[in-house]
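What follows is a single chain, given as structure tokens, in the form predicted on its own.
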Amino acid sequence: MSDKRKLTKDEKKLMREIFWSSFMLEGSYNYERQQALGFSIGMWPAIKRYYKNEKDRAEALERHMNIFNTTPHVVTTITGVATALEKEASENPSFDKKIINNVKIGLMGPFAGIGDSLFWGTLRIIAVGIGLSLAQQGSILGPILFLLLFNVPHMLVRYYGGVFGYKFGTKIMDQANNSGIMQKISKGATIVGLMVIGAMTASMVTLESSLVFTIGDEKIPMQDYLDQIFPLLLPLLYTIFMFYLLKKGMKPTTILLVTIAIGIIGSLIGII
């Protein structure tokens, strides 16, 4: 899927703008949407370039306010792909804009795994080890070398990742338009996106029952039997309940307060 096409002067300028704006990714991290606001800001250079009226720009910004979370160092690759999709959406009235968020969600999990392993699990440890050994000897090169060893690869990956993502997304769009497989891409991206959201739900939503039934001299923990019948049943049911409240129009902040109240009350009466 490599693309040796050189970027135009305008595209290079756009990549630089996306590179700098990507540093806002975690500027407003929150538990409701995580990095969504930062990602939306990172997309602003592309949005203001491709959409000329305020309504379309507002819709695009709002579109990128859906929950998002990945390793910051590799986010520009996803931003680059999303930029190519936004370009297609601005030029093609029949383009299904839902695919943009589906592709984002499908990419954020794998890239988070790669980014965490590469930067947090490998490069950071090596940079700290080298920098710390020099710092213990009283050398000023310790912290300087640490910052260089970590951030030089980081900056290169962050910038050229955006270029790669943009070229990759553009080529995918060209092939899709020429072969007529856009609907398959949309369906596949939707499936992957739902799988990622399902995996996030299973790993991030925790709910267990502390009820213990006593029959004679035997104590029966309810949670043990629930796990045997249907592992993670309670987190699933509560997630469905939260989704139901959202569909009914309840605000996420209200749902968060309800969750806190249920947790406190349930703990006090001994059921969770």
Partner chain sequence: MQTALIVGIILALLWFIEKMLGTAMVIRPIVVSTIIGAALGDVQTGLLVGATLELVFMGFIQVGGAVPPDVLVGAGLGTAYAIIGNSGAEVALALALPIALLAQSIKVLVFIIRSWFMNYAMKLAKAANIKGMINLNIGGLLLHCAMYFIVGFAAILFGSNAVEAFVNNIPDAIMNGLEVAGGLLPAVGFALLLLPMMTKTNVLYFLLGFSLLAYMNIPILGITLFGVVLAFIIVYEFNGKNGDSDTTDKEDEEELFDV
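Residue numbers count along the first chain shown, from 1. By rigid core we mean the largest C-alpha set that fits within 1.5 Å across both forms. Being a predicted model, the structure only gives us computed values, none of them experimental.
Just so it is clear, the following notes concern the form predicted together with the partner chain, a form of the same protein that is not shown.
- Screening 76-84, 160-168, 119-127, 92-100 for residues having heavy atoms within 4.5 Å of the partner chain in the predicted complex returns a single hit, 119-127.
- Though the partner is left out of this view, residue 24 does reach within 4.5 Å of the partner chain in the predicted complex, counting heavy atoms only.
- Taking the partner from the other structure, the partner chain in the predicted complex has no heavy atom within 4.5 Å of any heavy atom of residue 213.
- In the predicted complex, no heavy atom of residue 221 sits within 4.5 Å of the partner chain.
- In the predicted complex, the partner chain stays beyond 4.5 Å of every heavy atom belonging to residue 51.
- Applying a 4.5 Å heavy atom cutoff to the partner chain in the predicted complex picks out 195, 196, 197, 198, 199, 200, 201, 202, 203, 204, 205, 206, 207 from 195-217, in order along the sequence.
- In a rigid-core overlay of the protein, residue 51 has its C-alpha displaced by under 2 Å between this form and the one not shown.
- In the core-superposed comparison between this form and the one not shown, the C-alpha atom of residue 239 has shifted by at least 2 angstroms.
- Here residue 30 does not count as shifted, since its C-alpha moves by less than 2 Å between this form and the one not shown after the core is aligned.
- The Cα-Cα distance between residue 201 and residue 96 is lengthened by 3 Å or more in the predicted complex relative to the form shown here.
- Three angstroms is the minimum change: in the predicted complex, the CA atoms of residue 237 and residue 66 sit farther apart than in this structure, by 3 Å or more.
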